[in-house]
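So this first bit is one chain, no partners, the form predicted alone, shown in structure tokens.
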């Protein structure tokens, strides 16, 4: 009995060198660690013939493994690779190639000087005719009706004025009702071009007038709604400030 206790690692407080023969270890099966020379050892002749491989010596195999690991892990130094090999555990890292971001080419636009030199915004004299732009005025009226939800008779004048102050005025018929310069008063026509500080208006007499916004009051009429708007408010385009009168 005493011999059995010594062999089984019980009874005298000492553990045996391993589990009894024929029984697996308590933590499950374990793989034996190959000897150091097995890493670079050549394949058996039979395995090489089945795989159609030419047998290599240990030196060639070692050189191939070192070169392969160096290519697979370019960021690691040779000493670190050898340290990994000594532990018999190699994790190949995958490095994705960084894609270079293509810079978007900005479209070059004309400068103000170039636009003036090319005369892009100038209307040819033969095109300065009031009748030519009457269809544009009809389109503008339909645009304002849609913008003001149909311009019904019970529509609020303040709502119409607010919409007009923000609307595109190309094609609108306007009249200068008040001005610090008396020569501008009474000018009526279709707005052909709107700039920051001036309107270009074509009159019924087929004359192109340049009217400043500042210090002028303009009236617009559409479907019975007449709005008087200060030209300075066209410069600001702000509906928060009450800068208009109404009839």
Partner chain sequence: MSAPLRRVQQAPRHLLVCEKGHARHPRSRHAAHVRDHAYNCRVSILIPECGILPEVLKSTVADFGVYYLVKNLSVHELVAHEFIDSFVKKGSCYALTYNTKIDQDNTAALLPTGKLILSVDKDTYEELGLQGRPSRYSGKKAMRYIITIDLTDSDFHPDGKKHKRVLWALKEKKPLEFDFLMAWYNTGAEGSTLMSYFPKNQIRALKPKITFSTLRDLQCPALQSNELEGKPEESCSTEELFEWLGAVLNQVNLDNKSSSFISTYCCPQPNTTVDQAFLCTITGFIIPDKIIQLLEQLCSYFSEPKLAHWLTLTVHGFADSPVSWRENEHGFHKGGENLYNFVVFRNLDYWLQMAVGTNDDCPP
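These numbers were taken from a predicted model, which means no experiment stands behind them. Positions refer to the first chain, counted from 1.
Omitted from view is the form predicted together with the partner chain, to which the following refers.
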Seminar exercise, completed: Interface check vs the partner chain in the predicted bound form: of 185, 65, 48, 198, the one with a heavy atom inside 4.5 Å is 185
Exercise. Is there a non-hydrogen atom of residue 161 within 4.5 angstroms of a non-hydrogen atom of the partner chain in the predicted bound form?
Worked result: no
Problem set entry | Heavy atom of residue 219 within 4.5 Å of the partner chain in the predicted bound form | no
For this session: Check whether residue 204 has any heavy atom within 4.5 Å of a heavy atom of the partner chain in the predicted bound form, and answer yes or no.
Result: no
Problem set entry | Partner contact for residue 193 in the predicted bound form: the partner chain, 4.5 angstroms, heavy atom | no
Problem set entry | Stretch in contact in the predicted bound form with the partner chain, which is absent here, among 150-158, 131-139, 172-180, 69-77 (heavy atoms within 4.5 Å) | 172-180
